Structure formats: C-alpha cells, structure tokens
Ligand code: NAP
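There is one chain below, alone, in structure tokens, taken in the form predicted alone.
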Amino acid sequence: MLYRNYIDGKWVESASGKVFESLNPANGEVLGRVSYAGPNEIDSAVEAATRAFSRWRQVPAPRRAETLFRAGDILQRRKEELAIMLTREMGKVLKEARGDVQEAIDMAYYMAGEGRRLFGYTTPSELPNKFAMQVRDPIGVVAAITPWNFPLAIPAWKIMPALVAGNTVVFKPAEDTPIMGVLLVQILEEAGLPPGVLNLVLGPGEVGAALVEHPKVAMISFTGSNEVGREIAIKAAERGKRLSLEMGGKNAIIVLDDAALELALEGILWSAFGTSGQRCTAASRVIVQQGIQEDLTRSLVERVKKFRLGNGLLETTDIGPVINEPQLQRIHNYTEIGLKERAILLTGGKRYTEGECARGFFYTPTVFALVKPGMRIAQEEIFGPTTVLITVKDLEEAIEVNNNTPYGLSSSIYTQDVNKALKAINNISTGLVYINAGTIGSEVHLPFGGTRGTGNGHREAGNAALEAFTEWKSVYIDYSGRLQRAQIDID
C-alpha cells in the first residue's frame, strides 16, 4: 500500500515519485510504501496552510473545538485498530500502544474543552473611563515535527492545541512511523477539518529542515534529540520564528533507605524498561541510598533477567524491539562506553537474536552498577533499555546527583518520610517530579516539559500548551471622550 502526503485537503504523491518503506522493527516486515515529500510538496503544504489560516482563525473557537471532539470520538472507536498498527510500526508492546492511543484521545477531548476556555483576562486601567484586557491570538502556520517513540500521542500534543487556538499546521512525522501520522490526519479529515488547515508531509529529517527554513512558517514545535533541537533553535532564531522544543532527558529515580522496596522496584522496572527505554522520561539512572543498595540491586537484577523479549503483539512479551538498527547500535555503543569507564555490567548488554527476534532489533535489558555520577553513561541520554545504579549516602547527595546533568525533565523519589518527600519537591530542579511513582506517567491536563537542556522553556499539554501556540494581544478601550495620556495624565 502507498501512503501519501496530505495537502490542501487532497492525498497526493510526490512529484518526484520517490518512496521509502515503513518497516516493523520486530521482524523487518514491510508495512507500506510511503511517498517522499519533495520541495514541491513542502512548499504547497505551507502555501495551503497560509491560505487556510485567515479563514480558520475566524472560525469561533468553540466551533473549532467541535472538530476535535469528533476526532476524539473516532480515535476512541478505532482505539484497538490503531494500537495494533502502532505496535507493528513502532514496536512497543500492545498494552503500551493502547496507552499511546489513549493519550491522543485524552488530548483531543481536553483541548476541545479549551475551545470554550481560551481565557484572557481583564485588569483595571490606571486611568478613569478606560477598560483594559488581554486576549489570545493565533500565531499562524505551525510546523509540527514529531518523533517515532510516541507516534500518535506526541503529534496530538502539538496538533490539537495548535488547531483549537486558531493556527494551521504542517505536520512532519518521524520517517520510522509515517503510517501513524497518516492515520491521525485521516481521522481529523473525517472529523471535518477544512482543507488546508492541517497538511502532512512525509520523509526524513531534510523535510523537517525545509519546514524550519520556510519563510511562511511562523512557529516550529519540535520533539526529538538535543543535537537536532539545537540546530533548529539556531535557524529559528536567525529567522525570528517562535519555537517550542522538547528534547532529551537523563531522568533518575531516587530510592531512600526507608522506601517500600517492592514498590520502588516496580517503578524502576516500568520506568527504565517500558517502551524498551525509548522515552524521554525513561529512568536511565537509579540513585540509591547505601543502606538499601544491596537488597535493591539483587532484586532488580533478578527481575530484569526474567523479562521476555519479543513481538509486541504477543501477550507473552514484556519488552519489544528498539526502533531500528542505528538505534540498536547506539545503545550497544553506550554499553561499551560503560565498560571502558569501569562500571560493572550486572546483566544484559548485548543484542538479542533468539528465535523470531533474530529478524528484529532487540537489545537485552541492561543494568550497570558502581557507576559514578560523572560517567558518560550517567550523564548522556542512551534512549534504550539501560539503567545505571549510583550509590549515595543521604538525601542531600541524592538531590545533588539528580540535578547535576545537562537535562532536567523528570525525577522520582521513593520514601515513606513526608518531610524528605517535601524537601525533594522543593530542591529537585526538573520539570516533572513524582513521589513514590516512576519517572513516567504524565497526564494531559498538566504541563509537560523540563529545564536545562531538555527544552527552551515552553510546556506541552495542560493549558500551558496554549502559551506556545498563541500570542497575547493587549486591548485598551477609552470611553472618556477625551485624550488621556498614560503615565502623564495621572493626578
């Protein structure tokens, strides 16, 4: 089957005729051929979004929201079908794929609700017989550039708030998961989105780069690696574009001596190895207090060794494949780095090729011990099923180690002492903090994002997402019938 670009309400092939394939990372199955967007398609998509903007922004926000409500209903109705395709294209196990779809459903409904709550605010004027207020305006054409690890949820995080705020969108999904991008756009088309309001261009990174540089793209919303994000930030700054970045993480779970050990273990296993560690919020560090370190290490390794790798569609599978061969090699390179740094490899650390897995991209869940906070495996994002154990003497040292990375996305602490929990909340410097829960599990009505190298200050999800996709317009209404000069005519 050929999957096409979507431009101005029409499904179109590339003028060049170039195509690429979408593969199942579990077994190499070809899921479909995908039309490669070239310069003609990219320019046409942006032009269509530009033309549609003047009409779409005039549609009352509650009416715009109705399209999102309908899209949420369709997503809900097709949840299982979408989850199965998501597992086939991305690799995550089916129960996680259902969660990915559910996030898109939740975001559609949540942002639809914001159609009646695009709140501004009023404030007293400093002059008599004068009214002051602030309202939101859409920005214009938004380029939404999304990754492969959440191929339905993350596009929904960007597209839904952008649309309800009155923007138009050109959507570029990851080249590893283009089919999920096509399915999402088909659903929004079925929900009644007018032509040109949402456009889809398919292809590798160069397609996204062209959108970044296009003079009629007013805003870029990007989720991906820090390396690419920094390049985009430079280009956006040179061109004066609005930019929202969500990049990497080097997230940690702190386990104190008084923690409920079994609960902490469950949180570590889920956070470190869910989605094969391919989450920006994955717990790739476990900072453990020395009194509980031995028991936690022994129990963790025992549990990790029992994980079953395989196709995510099988109920017997605990961990699916990583996305592709380059990513698998990147993960293994970090294993070799850890060994050179003289960390102790407790389990894993190699490609898994048994049985049907020989045809896919599988990596054994990996745990390192005796890791120092400054080691590369404790500082750099691996984005795979690898976590490292760092031993500390107390809460203060744990917080210091937690905060001392180039990233600041998600943190977790396990303790039964409310005073320690509150101290951690106060002193941990990441955008997300969990108490007695893992580092993953964000909800769509709360802001999502991080500090330091994780992003550029914007947040996704919650009503904070609207800050990225709107401009503030201050309005002054003078009904005094005379010229009043602010700051001058004040008695």
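In this text, residue numbers run from 1 along the sequence as written. This is a predicted model, so every value here is computed, not measured.
What follows is about the form predicted in complex with the named molecule, which we do not show.
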Within 4.5 Å, heavy atoms only: does Trp148 come near the named molecule in the predicted complex?
yes
May I ask you to check whether Leu152 falls inside a 4.5 Å heavy atom distance of the named molecule in the predicted complex?
no
How about Gly208: is it within 4.5 Å of the named molecule in the predicted complex, going by heavy atoms?
yes
Is there a heavy atom of Phe368 lying 4.5 Å or less from a heavy atom of the named molecule in the predicted complex?
no
Taking Ile232, Gly249 and Phe448 together, does each of them reach the named molecule in the predicted complex with some heavy atom inside 4.5 Å?
yes
Select, from the options 241 to 249, 340 to 348, 264 to 272, 70 to 78, the stretch whose residues sit within 4.5 angstroms of the named molecule in the predicted complex by heavy atom distance.
241 to 249
Between the options Cys280, Leu82, Ala378, Val164, which residue brings a heavy atom to within 4.5 Å of the named molecule in the predicted complex?
Cys280
Sole residue of Met111, Leu389, Leu409, Leu300 within 4.5 Å of the named molecule in the predicted complex, by heavy atom:
Leu409
Can you tell me which bits of 208 to 241 touch the named molecule in the predicted complex, meaning any heavy atom within 4.5 Å?
Gly208, Ala209, Val212, Phe222, Thr223, Gly224, Ser225, Val228, Glu231, Ile232
